[in-house]
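Heads up, the chain below is alone and in the form predicted on its own; it's given as structure tokens.
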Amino acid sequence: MPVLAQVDLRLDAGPLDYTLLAVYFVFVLGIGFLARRSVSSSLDFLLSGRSLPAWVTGLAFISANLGAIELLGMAANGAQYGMATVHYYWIGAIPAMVFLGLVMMPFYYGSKVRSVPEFLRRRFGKGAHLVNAISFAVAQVLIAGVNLYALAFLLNLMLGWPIPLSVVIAAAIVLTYTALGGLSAAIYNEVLQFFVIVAALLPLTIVGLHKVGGWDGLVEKVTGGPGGSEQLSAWPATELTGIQNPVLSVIGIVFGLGFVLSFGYWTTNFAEVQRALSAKSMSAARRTPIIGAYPKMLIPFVIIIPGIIAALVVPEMVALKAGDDSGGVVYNNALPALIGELLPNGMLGIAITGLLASFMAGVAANVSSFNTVFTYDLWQDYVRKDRPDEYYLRVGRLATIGGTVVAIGTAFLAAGYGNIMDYIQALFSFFNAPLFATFILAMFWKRMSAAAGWAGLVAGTLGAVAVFVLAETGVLDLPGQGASFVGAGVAFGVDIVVSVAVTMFTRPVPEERLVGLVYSLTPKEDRRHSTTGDDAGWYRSPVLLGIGVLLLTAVLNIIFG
């Protein structure tokens, strides 16, 4: 692994910057200690007792996604690919978040499942449940490792702290507040972290635009640089996908990213769904991802734009963009390099704190979802059944510790990728794409059998892994993130085909077991939410909120298309 701090991007952080950082850590740990008072059962620890308001769970929903993958990865994508990166938001997030709130949350929340794998256990039995619980647990510690590595990468690059020490310090802080207060501590910290992240990135974007001469100056400089005017156009994004045919590139984005990867991530990833399950009512649960979609729609302007600016004003990044990689930087350096280039002391402290908040939010989301799945879906179902609730509360806390320790080990797997989005999209194609195919069939096709549930998942995952291996060995020419898009499409298609084929030769699940789990067998009144009390008012309507964010996103796609 390279010694990243040798690159001349070290920040001259002063006492004020370190003071701001220390104050933030005190707040974070304080929230953990306060949240501990409300934890008296495993449900309190792992699902916040299903008691939180929609605005809290909505901000936590989006903040949990604002980890290192988002900040470093999307800024790196902005520097490397330009405005095509907005597809990860306007095509690859918003529609799926609205679909989750309007269509899938009534089944998740209404069935009172405690996790996404538990939904599969009720729908299919233990086969699909065990496959999904194990794959999800593995995916979460791998992704938590990405966030930990990125945080260590940042501290090493900007402050010169050794990477192993940085990983351990960051893990210890997240472990402390999550083990103390459980999901409530993670969620309330995520709300705090959302505002800290915005306070860090918004000034950076404004100063960066001023540096390049405003929006007109940005357009002029990008147009005259490597990649030319295509870097300012979202479509057809051939460089991003690695697919040179424009028509096939658009199909790859719309189907591979916009449908399979996006819906697979946002609708079945328990690290996100868990935030909605902690809401205090069905209406609040449905509004959670839709409330989160509004800030998600605007986040590209404070992450992707700074990435583009970094490739214009940071000398090492300018050289890298021009094809000279001798400066020792990679695209993951884009955001911290821009911070070091533009911000003075004091503002440096806010920016560093914002980045640390982002990475810690990501780790906490992964660890808090891992401990729930491990406790309820693996330990309680397969190792120790029918124990007192205090026992599972203790197991949840121990799982938090264990998951964090394993994440420290997986942190160094991410070190081999110059752009961590390449790594993370590969993981999503393995785990999320086939799961989404299984869920779509499970919710809308009552005939689907229990054997088809696990067979489709396994076959779909193997299909995505096969595409990844073929791309890595050069058999398939899919540079950039094209292998992940194609792999996701293959995983989805293979899962569907295998599930249908296996169902044709196996017995369906009895219909009486599927009420509340399958659309056609669930009464309409069971899918409706309350419209009285805290859920009253047109402005709390999930449908109106969903339509609003979709229309605004469509407008942005037209403007920047």
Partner chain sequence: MARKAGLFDLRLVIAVLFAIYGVVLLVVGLGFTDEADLTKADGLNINLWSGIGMIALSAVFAAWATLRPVIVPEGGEGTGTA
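Positions refer to the first chain, counted from 1. It should be emphasised that the depicted structure is a prediction, and the values quoted were computed from it without experimental measurement.
Although it is not shown, the form predicted in complex with its partner chain is what the next lines describe.
- Although the partner is absent here, Tyr108 sits far enough away that none of its heavy atoms falls within 4.5 Å of its partner chain in the predicted complex.
- When contacts are judged by a 4.5 Å heavy atom cut-off, Arg37 counts as touching its partner chain in the predicted complex.
- In the predicted complex, its partner chain sits within 4.5 Å of a heavy atom belonging to Val23.
- When contacts are judged by a 4.5 Å heavy atom cut-off, Ser520 does not count as touching its partner chain in the predicted complex.
- Partner contact region in the predicted complex: 334-342, out of 464-472, 446-454, 334-342, 258-266, criterion any non-hydrogen atom within 4.5 Å of its partner chain.
- This chain lacks the partner; the member of Arg122, Lys211, Lys221, Arg397 within 4.5 angstroms of its partner chain in the predicted complex by a non-hydrogen atom is Lys211.
- Interface residue among Leu441, Val191, Leu142, Leu393 relative to its partner chain in the predicted complex, by the heavy atom within 4.5 Å criterion: Val191.
- In the predicted complex, the residues of 179-206 lying within 4.5 Å of its partner chain by at least one heavy atom are, in order, Tyr188, Val191, Leu192, Phe195, Val196, Ala199, Pro203, Ile206.
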